[in-house]
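Single chain ahead, by itself, as structure tokens, in the form predicted alone.
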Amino acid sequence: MKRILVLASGRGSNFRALLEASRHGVLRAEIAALGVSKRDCGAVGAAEAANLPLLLEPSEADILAFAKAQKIHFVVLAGYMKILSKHFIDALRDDKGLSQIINIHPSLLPAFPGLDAYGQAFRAGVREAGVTIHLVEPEVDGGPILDQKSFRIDRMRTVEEVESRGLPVEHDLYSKTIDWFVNGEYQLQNRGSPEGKVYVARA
């Protein structure tokens, strides 16, 4: 079974959802440890309750050393608010050069990259918001997309409503997408892109 290291910074809802998905077999992988960028991260309590190893405010070198020593196969970002260096990303690639770092972003990329994506979508007055699961590359929010799911927001009156609708979508889509990706159930495509971009599709 593949071993996953989760990195988090915020309230920890996606981390807790991943733990539950792993326990119930929705995510066929082991959540092996949690790393947090700040000690008061909401995910810490869930990791302690699950008796998971904790990396508190680790450097990139610390994370890489831990991943090597503990035979970590994939790194999953769950609201991790630090920009990862090219060196770190390049150190976590498979033999085909494919990133082994997975991220979730609360928009239908390439629309609304960066911070406060739900808020960006709400203020733009678009009909739909959504969630994107993608591989991490040095270009922020620019790696190959694994999956996306949209939901209507045009009748919502606050950003909080959008976030409330989006969180269950995040929790469901992230677990299921990580599951098929880490278990190799995908194929790589080029689609004739002039930029030579790689696309990852579920097999």
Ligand code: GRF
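Start at 1 with the first residue shown and count on from there. Please read these numbers as outputs of a predicted model, since none were measured by experiment.
Just so you know, the form predicted in complex with this ligand exists too; it's not on screen, but the next bit is about it.
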* Structure fact -> Testing 120 to 128, 67 to 75, 85 to 93, 103 to 111 against this ligand in the model of the complex with a 4.5 Å heavy atom criterion leaves exactly one stretch, namely 103 to 111
* Do residue 11 and this ligand share at least one heavy atom pair within 4.5 Å in the model of the complex? -> yes
* Structure fact -> Residues in 160 to 175 that come within 4.5 Å of this ligand in the model of the complex by at least one heavy atom, in order, are 167, 170
